[in-house]
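Just one chain follows, in the form predicted on its own, and it is written as structure tokens.
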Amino acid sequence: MAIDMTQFLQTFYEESFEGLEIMEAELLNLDGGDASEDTINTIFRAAHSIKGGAGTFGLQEIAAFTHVMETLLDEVRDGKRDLCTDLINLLLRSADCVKAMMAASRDEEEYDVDEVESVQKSLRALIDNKTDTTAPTTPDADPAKGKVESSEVSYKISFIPLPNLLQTGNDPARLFNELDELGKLTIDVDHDAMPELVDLPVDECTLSWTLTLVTTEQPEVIRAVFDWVSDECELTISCDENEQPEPEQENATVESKEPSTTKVEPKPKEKSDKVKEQGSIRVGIDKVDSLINLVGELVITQSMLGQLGKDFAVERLEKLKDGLSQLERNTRELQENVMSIRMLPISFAFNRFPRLVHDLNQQLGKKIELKMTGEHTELDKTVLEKIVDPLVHLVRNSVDHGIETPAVRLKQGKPEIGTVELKAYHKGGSIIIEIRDDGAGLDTDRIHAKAVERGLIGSDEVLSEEQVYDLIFRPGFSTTEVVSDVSGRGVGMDVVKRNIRALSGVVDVKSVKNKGTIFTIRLPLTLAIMDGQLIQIGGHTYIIPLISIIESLQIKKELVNTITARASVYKLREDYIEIVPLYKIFGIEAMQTEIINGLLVVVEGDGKKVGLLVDDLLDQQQVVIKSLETNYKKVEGISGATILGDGTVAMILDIQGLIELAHRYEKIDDIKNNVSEVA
């Protein structure tokens, strides 16, 4: 029976990317330090696993590239080569190449062939020009060339697979193809053990082979080809009688170093957009067990309610109430458990920054230590994927603009090594991410002057410190005089704010000159379900995300100040906030049209506070968010919709969008026509 092997490709890609992350992390840990045997073995195993898997799946370019990496790492593992800074950097570039090749294969796209060939050439050059000065001089040494010319050796390989080798997905032909790349290969097959055709098992290997390989490679390179099948075969590698091998190399029987891994061969992959959209999440078995238990509880509850429905009588009303309460409890627990499956630790985003800071250190000539705390803080997979780019922009900004060069820091009395800290933690129903640095801080005078120069503000306009900081998020704004490939083109910070806002989050800035800067991002834990405050305006119910609400209060007449016929503000302690009458914005009739008779819900969005004028506050509850844009069209001031318990549809307010609508209040007629369609 034919098996569609492409179903295993996604798992191979995921495990390979994880292996590359492990390799990169271990290489970065070695930067400037000695390499332990465990660390080297970890890096080697990652390369070896990718090579073996790529060869099995027919990804020959990846297999060939990682084979060269593996050879170099094997020399390090055997103590023949020191793991210096230059080699670490080359291996990091190599990992980048493998990552690019893997992504291109997965997404059916192209990769930078020139970069791959350049790195591969550098790897081979290191292998060919061994720098081991402790090796004894041999007659083949050429002093003029400074290297030892390897002579060809003929190896005889006895390969007797166990019957179950084919059942593990391994194909001897692929092993022979890899051997053929090492030199001149001759293959003799022994089919004496093969039964008659009528008795031939389709899933068992009944052949064995004797192979002769003439190559300049060392025996360990040949043994590595068979590492993936070491548990499913009898294998002997020996030198030809006419050769003069080292004694320990004769009749070297391959021993298992690692547990065997099931490998499969894919069918040709058809071009499809669906391939790019596939994804998966690794879920702990404890979460799966919990879901199974909850489903069992639901089945029991359903059976009980079904029985009550068949023989219902008034005297059984109490049992019905108990059953419904149990159903509500089970449903809530099931919801929480299902949502927890989508929750991933933020380390999936944080793990890329050690490499980023390492590369920028070398590029900018700085010395920066990266500290990360709260890596195990969990948030929704969708939020995690979309927050990566904003975090990259902010970290690059801290490294480039924030941290000074070592000479400048020493002159200012600071430690030579600067610090960038990534911190994540839960607060209420949100996740807080902080990006801190102990650098130069934001120069408010310079930012203000640059904003005036670009015409963003007037020359005599007075701004608060927070308003000045907000200028850095304007499109095209930059104070950098020299444009580089790191920063200075005026793109990035506006994208940061826009992307965070798209996640219903906010970003705040605090800075002290010559002390440092803190960017604080506040995000909802998930985009699928949120905590909301139900409000009433006339006969309509709306929902305000709780994450946006600061407080709710009864309006006091003496604290209301009318500025124009259309604008009023409310004095909230030492601050004045704009009052937004939602019934006017949405073009609907309200029960209370007088400001002094209504309720004020103070909300914050995009760093600004406003007071939403509403008729009444209803319940607080969790709501399932449905995309309005997907099911209808994008509507300003509305971020989505949900279905309430009574079956009615309630709109979820987009606070940032409402603030923008309020600021364009002079175009109220256009706003009414746009929003009233769904109000």
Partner chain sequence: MSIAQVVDKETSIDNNEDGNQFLSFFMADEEYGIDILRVQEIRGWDSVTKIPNTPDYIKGVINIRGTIVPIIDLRLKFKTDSAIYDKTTVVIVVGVKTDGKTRTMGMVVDAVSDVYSITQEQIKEAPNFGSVVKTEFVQGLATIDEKMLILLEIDMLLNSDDLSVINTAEKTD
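Numbering follows the first chain given and starts at 1. Keep in mind that this is a model prediction, so the values were computed, not measured.
The form predicted in complex with the partner chain is left out here; the points below concern that form.
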| query | finding |
| --- | --- |
| Contact label in the model of the complex: Lys515 to the partner chain, heavy atom within 4.5 Å | no |
| Proximity of Ala63 to the partner chain in the model of the complex, heavy atoms at 4.5 Å | no |
| Distance check, Arg498 to the partner chain in the model of the complex, heavy atom within 4.5 Å | yes |
| Proximity of Ile643 to the partner chain in the model of the complex, heavy atoms at 4.5 Å | yes |
| One stretch from 580 to 588, 436 to 444, 344 to 352, 172 to 180 that, in the model of the complex, holds residues within 4.5 Å of the partner chain by heavy atom | 580 to 588 |
| Interface residue in the model of the complex among Ile638, Met69, Leu613, Val610, criterion: non-hydrogen atom within 4.5 angstroms of the partner chain | Ile638 |
| Leu28, Leu628, Ile40, Val623 - the one with a heavy atom within 4.5 Å of the partner chain in the model of the complex | Leu628 |
